[in-house]
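Just one chain follows, in the form predicted on its own, and it is written as structure tokens.
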């Protein structure tokens, strides 16, 4: 009896299923969060549709509004990337907060100590010094992790507290302003050569984007960092090994990958990215390091990384979304009598919705593939039984 040709069961491409499933999960999560948020807003006697309209209008009606959104998103992109790189290696780096605080200190030291350099050298030196400060601060918990097994969550939390105290000491003594009289606790003002120019100034858009909007060239650098991190993770051997130990450290070690070495490298890369988080505020806005610097950006990076599914493109989009919500919060404060925590609650609901929706889709796709494999195996068994000689 002639052998039959086994026709495989037609299936959609895994990439089509993955992208379609993620789009469905994201849309469902946004819809669910919007509905729950509407119930909360309605409880205060305010129209949810009007609140959502105000968020959109304040974020996109004018060029200056969208510029504020991108300025808000700039540090969040760096922070999200820092968290994501560590997470890809199976590490939970919640020390980005301390890493960018120390990075602002080291960047300030470079801005004040190397002010004799021309602008073409001084600004890159300041930025690199900030990245170096973040990397060195991340190296400490990294070494503790690989040498002693100390959990990175505990050590990075402790390093955050030490970073705060270190900067406070520096502002009280070695970097204290030399100006006389009643001066806020801060460093001396940086030379303009050490500051990052705004995009509006460089492109002649001062009329459309006022000087109070600090959208600097660090935003394009953030987008470039997304591209570089994507290339690192998905197009290099180092990135493959990082993802391998994050997926299954036992299998990676059995395959000859040095887990300790890669975890240390991931920590350093994460810290270097974290070192860029505070520079937009330091070099694009204030021009000095003061005691009232912005905090919380490192923890916000965890939110961005989760929303972006630890993918560079998703992180950029998630950061812009949170930038829109931050801008919309200003509009809500002016227009409605809603608590300022309302949008924080909405962000939390959105994060939970996205995480749950993606997990449901992941499990659904896994079950679908398992059914397809079993159906294929049954078809092969049936064909083989029919072709067997009597």
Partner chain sequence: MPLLDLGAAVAIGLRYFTIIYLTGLGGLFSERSGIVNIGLEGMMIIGTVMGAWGTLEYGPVAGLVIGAAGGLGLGLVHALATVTFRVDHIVSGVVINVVAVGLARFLAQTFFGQATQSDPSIPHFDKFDVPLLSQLPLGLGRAFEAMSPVVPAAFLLTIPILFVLNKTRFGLRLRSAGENPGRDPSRRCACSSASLRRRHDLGSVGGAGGGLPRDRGERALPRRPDAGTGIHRAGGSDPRQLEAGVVDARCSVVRIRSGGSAEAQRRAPVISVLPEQFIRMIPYVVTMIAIAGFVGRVQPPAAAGRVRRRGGSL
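Quick caveat, the model's predicted, so the values are computed rather than measured. Residue numbers count along the first chain shown, from 1.
One more form of this protein exists, namely the form predicted in complex with its partner chain; it is left out here, but the text below deals with it.
- Remark: none of the three candidate residues (59, 105 and 285) comes within 4.5 Å of its partner chain in the model of the complex, counting heavy atoms only.
- Although the partner is absent here, residue 166 sits close enough that one of its heavy atoms falls within 4.5 Å of its partner chain in the model of the complex.
- Heavy atoms of residue 359 reach within 4.5 Å of its partner chain in the model of the complex, making it an interface residue.
- Contact check for residue 306: a heavy atom falls within 4.5 Å of its partner chain in the model of the complex.
- None of the heavy atoms of residue 136 is located within 4.5 Å of its partner chain in the model of the complex.
- Think of it this way: in the model of the complex, its partner chain has a heavy atom of just one of 194, 127, 175, 94 within 4.5 Å, and the residue is 94.
- 345 is the sole member of 54, 26, 34, 345 with a non-hydrogen atom lying within 4.5 angstroms of its partner chain in the model of the complex.
- Segments offered: 197 to 205, 112 to 120, 276 to 284, 166 to 174. Contacting its partner chain in the model of the complex at heavy atom distances within 4.5 Å is 166 to 174.
- Contacts between 27 to 41 and its partner chain, taken as any heavy atom within 4.5 Å in the model of the complex, involve only 40.
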